[in-house]
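The data below hold one chain only, encoded as structure tokens and taken in the form predicted on its own.
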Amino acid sequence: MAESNRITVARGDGIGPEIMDATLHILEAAQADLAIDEITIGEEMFLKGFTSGIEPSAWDVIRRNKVFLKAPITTPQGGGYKSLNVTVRKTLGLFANVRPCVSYHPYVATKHPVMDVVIIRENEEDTYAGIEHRQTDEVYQCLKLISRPGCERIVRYAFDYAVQNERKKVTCFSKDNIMKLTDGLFHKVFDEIAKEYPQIESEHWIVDIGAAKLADSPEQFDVVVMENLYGDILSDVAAQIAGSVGLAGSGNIGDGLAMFEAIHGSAPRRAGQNMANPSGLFLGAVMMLVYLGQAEAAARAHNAWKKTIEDGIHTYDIYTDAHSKEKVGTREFAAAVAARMGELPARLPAVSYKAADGSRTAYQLTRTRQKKELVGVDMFVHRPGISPDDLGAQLSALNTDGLKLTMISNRGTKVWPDGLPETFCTDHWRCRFKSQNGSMANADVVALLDRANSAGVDFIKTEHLYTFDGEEGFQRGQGE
């Protein structure tokens, strides 16, 4: 047994143990070369006081083996518990989430019989940083963090995936018409890296119309790369319109470590009933075999699964009178796949795999440094029951010769000076002070806050306004 084929397995909660047993049974029948170390994660660990659902010693096993096959888990109701999936992905640097979304027409019901889309989702950044604050009685904040290295890694991975898997096109979804800095950076990096892959067609869509096109005409897409939140939502949409979220597996890939799983949850209402479809976890395990270099075993297992689907041996979730011949349970489905090992589907396309080149995720990233100059500050203020003009008059009293109030916005829309009375305002105000003498220093911000404090201004936080090589590193207010 090659030590590189030692993996970590977690059976999870709800239907997790059943679908993991089924998956491992099929992998054994496919002659996958695996040695397994099991760990316990999820609800049991949460209830023992581990707020992320995993005990410290389990991290050592995962990091040593470098490949983790994980069944779904249950997070207990109530506050104080963090998502284990997000924790594992971010802690281990699993920056790329890969979700193939394929239709199996006519054996699995779908409105899109020709669909074979792979969603490549950035896994560590965006709003999934989980940095949230309540700032006033009425306003809550979630920070969206996007970095150039994070964009470069996921975009380059998407193009390398396309090359490795003989895909023809990579599409980028973003919302850079609104989020011009964060999503603008993602789009800019995509365009830069696309030039290095002239053999791969590239295109960009604004995410709203792109999502509409994906839902309506998925056959127009091949590989789609997105930021974390968009990718999370649209990979579920894509899996469902392909046939069922329950059939979708995913891989989470980092520099030398990886986790494979189903994209669905633990379905505790179905636990212990021998009903659950193990296909999502199984197809995640097929991706794992490819990652481990066991391409032949992966193809054997996947083709046997396709033959089973084609033969109408279906679990309850995909059973239909039109195309199903036998409704089976979890164990029976796994046995049917194992019995067809070595067979090929007749109508569904047979698959073949090339072993993945895991070394290609260790990318050389851009680490440029630009001249950063502080040119102003946004002071966020909690002030209920005041008009924008009255607030502007009060805060203008804080002006100095070098620092001047230039704009007040409410939820991003300029309301002072020259605001409109129809603009609805909450108790949360962004008050922009800009230097009148070019660059300034942190001491100027401290002095402004000291004057604001003396005047009784309830300031919540500040955001510095910088230029980078003379280019503004901040957006203007809507209407500014």
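Note that residue numbering begins at 1 and tracks the sequence as displayed. Here the structure is a predicted model, which is why all the values come from computation and not from measurement.
The same protein also has a form predicted together with ligand NAD, omitted here; what follows describes it.
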Practice prompt. Would you check, heavy atoms only and a 4.5 Å threshold, whether Pro388 touches ligand NAD in the predicted bound form?
Written response: no
Worksheet item: Taking the shortest heavy atom distance, is Gln294 within 4.5 Å of ligand NAD in the predicted bound form?
Response: no
Worksheet item: Does the 4.5 Å heavy atom contact test between Ser324 and ligand NAD in the predicted bound form come out positive?
Response: no
Practice prompt. Could you confirm whether Thr75 comes within 4.5 Å of ligand NAD in the predicted bound form, counting heavy atoms only?
Written response: yes
Worksheet item: With ligand NAD left out of view, which of Gln394, Asn85, Thr182, Asn410 would have a heavy atom within 4.5 Å of it in the predicted bound form?
Response: Asn85
Item to complete: Find the only residue in Leu234, Val223, Ile263, Val155 having a heavy atom within 4.5 Å of ligand NAD in the predicted bound form.
Response: Ile263
Fill in: Region of this chain that lies against ligand NAD in the predicted bound form, out of 144 to 152, 240 to 248, 206 to 214, 338 to 346 [heavy atom, 4.5 Å]
240 to 248
Item to complete: Go through 193 to 222 residue by residue and record those having a heavy atom within 4.5 Å of ligand NAD in the predicted bound form; state none if no residue qualifies.
Response: none
